[in-house]
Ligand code: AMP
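There is one chain below, alone, in structure tokens, taken in the form predicted on its own.
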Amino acid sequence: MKNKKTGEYYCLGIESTADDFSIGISTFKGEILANIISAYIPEKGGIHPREAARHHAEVASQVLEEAFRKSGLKPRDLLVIAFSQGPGLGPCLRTGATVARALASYLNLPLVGVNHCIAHIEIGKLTKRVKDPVTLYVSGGNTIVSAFDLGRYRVFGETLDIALGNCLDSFAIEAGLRQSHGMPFGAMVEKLARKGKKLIPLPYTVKGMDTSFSGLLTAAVNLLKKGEHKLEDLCYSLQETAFSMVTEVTERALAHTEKKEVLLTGGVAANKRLQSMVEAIAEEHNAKFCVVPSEFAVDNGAMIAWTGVLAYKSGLVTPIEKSFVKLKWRLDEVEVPWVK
């Protein structure tokens, strides 16, 4: 319902595709009132889906309470509930969807299932005031070059195996790096890479417009185990090779579409070296370069809330009986009537 004091409508968004459980609240005008994130950090190794889902279930009520406190709103102020319906890890997605269904049912509010990948694009467009970009979306679970055409975001290039963020994370784990003070593995690799001086030859795999990182990761790990190179040099070489691959594909998409904006989004978008490389190709093509603000680069509830607003205003709602999660929901399968 409309808030009588402010005359505004509000959407609450729930993000739970992987290791982050987050709740965001957005106005229908795009003002983000809350964006609370609780990250699951495994004791060792990568994400364990069931343990992550258990974490999400344990912190859900606390995160929800904090979101309402930060926004200054009450549950009765909401007009719609949005949730990340996919793609992602099954147990994690189901936990978020369960919370969303419970809220929507209890408050008698409409439910909107949001595509996680599209949400990363839309929060970048909102915060940087971008209209029609070529988007490089790089995270732990996805690596996609896309642009809007004929009613949908089209995929111009993507990874054929693991995501770029997964490649960096896996290498960091093999190198024995440990997460501390909330610093993600990718940020640790970036920090070490800044001290690297030697560019070590590694597999550079671009197939048409698609990329492959599994061979790159295997080669880097094998060199790591041999112990013939400094860790800093391996991190530097891994970054340079992987980032050059996605930058090449992004530049080709930019040349093909002739769009005048380039958006870098997703968790890996926080990497300064990647930012500089993508900015360079944008300048070459006289395109405006934008990178999503760091607080919205990671998986977050605000992007789900805002995309939920866009979908709801376009008449899209998800009946509870059809709110099952979609583990492999591609962004090019989704109609986006709010983009013209």
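Only a predicted model underlies this, so the values are computations on that prediction, with no experimental measurement involved. Sequential numbering from 1, following the sequence displayed.
Below, we turn to the form predicted together with this ligand, even though it does not appear here.
Asker: Which of these residues, G96, G113, G267, G124, gets a heavy atom within 4.5 Å of this ligand in the predicted bound form?
Answerer: When this ligand is considered in the predicted bound form, the option within 4.5 Å is G267.
Asker: Tell me, out of A187, I200, L224, M209, which residue has a non-hydrogen atom within 4.5 angstroms of this ligand in the predicted bound form.
Answerer: The option sitting close enough to the partner is A187.
Asker: Is there any non-hydrogen atom of A53 lying within 4.5 Å of this ligand in the predicted bound form?
Answerer: Heavy-atom contact with this ligand at 4.5 Å: absent for A53.
Asker: Would N166 count as touching this ligand in the predicted bound form under a 4.5 Å heavy atom rule?
Answerer: Close contact exists here: in the predicted bound form, N166 approaches this ligand to within 4.5 Å, heavy atoms only.
Asker: Consider P133 of the chain shown here, and say whether it contacts this ligand in the predicted bound form, taking contact as heavy atoms within 4.5 Å.
Answerer: No, P133 stays farther than 4.5 Å from this ligand in the predicted bound form.
Asker: Classify N35 as contacting or not contacting this ligand in the predicted bound form by the rule of any non-hydrogen atom within 4.5 angstroms, answering yes or no.
Answerer: Answer no; every heavy atom of N35 is more than 4.5 Å from this ligand in the predicted bound form.
Asker: Just one of 55-63, 295-303, 26-34, 277-285 has residues with a heavy atom within 4.5 Å of this ligand in the predicted bound form, so point it out.
Answerer: So the stretch in question is 295-303.
Asker: Would you confirm whether the three residues S146, T205 and E248 all fall within 4.5 Å of this ligand in the predicted bound form, going by non-hydrogen atoms?
Answerer: No, because S146, T205 and E248 lack any heavy atom that approaches this ligand to within 4.5 Å in the predicted bound form.
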